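Just the one chain here, the form predicted alone, laid out as structure tokens.
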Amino acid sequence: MRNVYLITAFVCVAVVSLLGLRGTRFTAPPLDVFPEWAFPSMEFQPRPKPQGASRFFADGQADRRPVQHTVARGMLRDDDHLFLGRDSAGEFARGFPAAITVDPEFLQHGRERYAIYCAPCHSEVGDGNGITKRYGMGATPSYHDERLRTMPEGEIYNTITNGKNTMMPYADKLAPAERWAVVAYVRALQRAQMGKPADVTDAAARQTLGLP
């Protein structure tokens, strides 16, 4: 009988050890019963820590600079007009680059980016009364001013890219196509504020309502 108890206890411990804690999250690293050389674990693999030291490199730094002339994914400047927002004469361009198709999907993407990066200051409707104004930022312009309604699209794009006055640049947060999407959505906000019922054609209304 004693052996039965011992075998039962051993089986229970084995089952709990192998299966009982699967899927459980722990805040502390697991106990390593076996030596690293016997059962290699990814936990002990050599890896650099951010802003840490490394004896592997001559300068002693773990962080490495990108290889010279490398380009981040999606940032290859093979089409300058997407990046510059200027025409052949060097002036801010009006309209959108030929490679850009302004359609409902493009506007929706611009709306999403606008809500994240622009609305806190410029507000959801673009009147400059965003939440930051409650905390002392009172110099945010309204997109519905005449100056901004007549501003070339390329200049708005340039402001998003490089910043202006108290506005910081967003080139590190928005890819070129995303900046153009925001510009398109800003134009949509302006059109919604200043538009008239006659501006909406029957075909556009049917498309918006999903009608044939």
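So that the term is clear: the rigid core is the largest set of C-alpha atoms that superpose within 1.5 Å between two forms. Note that this is a predicted model, so its numbers are computed, not measured. One-based numbering along the sequence shown.
Another form, the form predicted together with a small molecule, is not on view; read the next lines as being about it.
Taking Y117, M151 and N165 as a possible spot, do all three reach the small molecule in the predicted complex with a heavy atom inside 4.5 Å?
-> Yes.
R65, heavy atom within 4.5 angstroms of the small molecule in the predicted complex | No, R65 sits far enough from the small molecule in the predicted complex that none of its heavy atoms falls within 4.5 Å.
So in the predicted complex, does any heavy atom of A93 sit within 4.5 Å of the small molecule?
-> No, A93 sits far enough from the small molecule in the predicted complex that none of its heavy atoms falls within 4.5 Å.
Contact label in the predicted complex: Y143 to the small molecule, heavy atom within 4.5 Å | Yes, contact at 4.5 Å.
Answer for C121 alone: is it within 4.5 Å of the small molecule in the predicted complex, judged on heavy atom distances?
-> Taking the distances in the predicted complex, the answer for C121 is yes, it comes within 4.5 Å of the small molecule.
Heavy atom within 4.5 Å of the small molecule in the predicted complex - the one residue of A99, V71, A139, V125 that qualifies = So the residue touching the small molecule in the predicted complex, by this definition, is A139.
Rigid core fit then G163 CA moved by 2 Å or more between this form and the one not shown | After core superposition, the displacement of the G163 C-alpha between this form and the one not shown stays below 2 Å, so no.
Could you check whether the CA atom of Q51 moves 2 Å or more between this form and the one not shown, using the rigid core for the fit?
-> Passes the 2 Å threshold, so yes.
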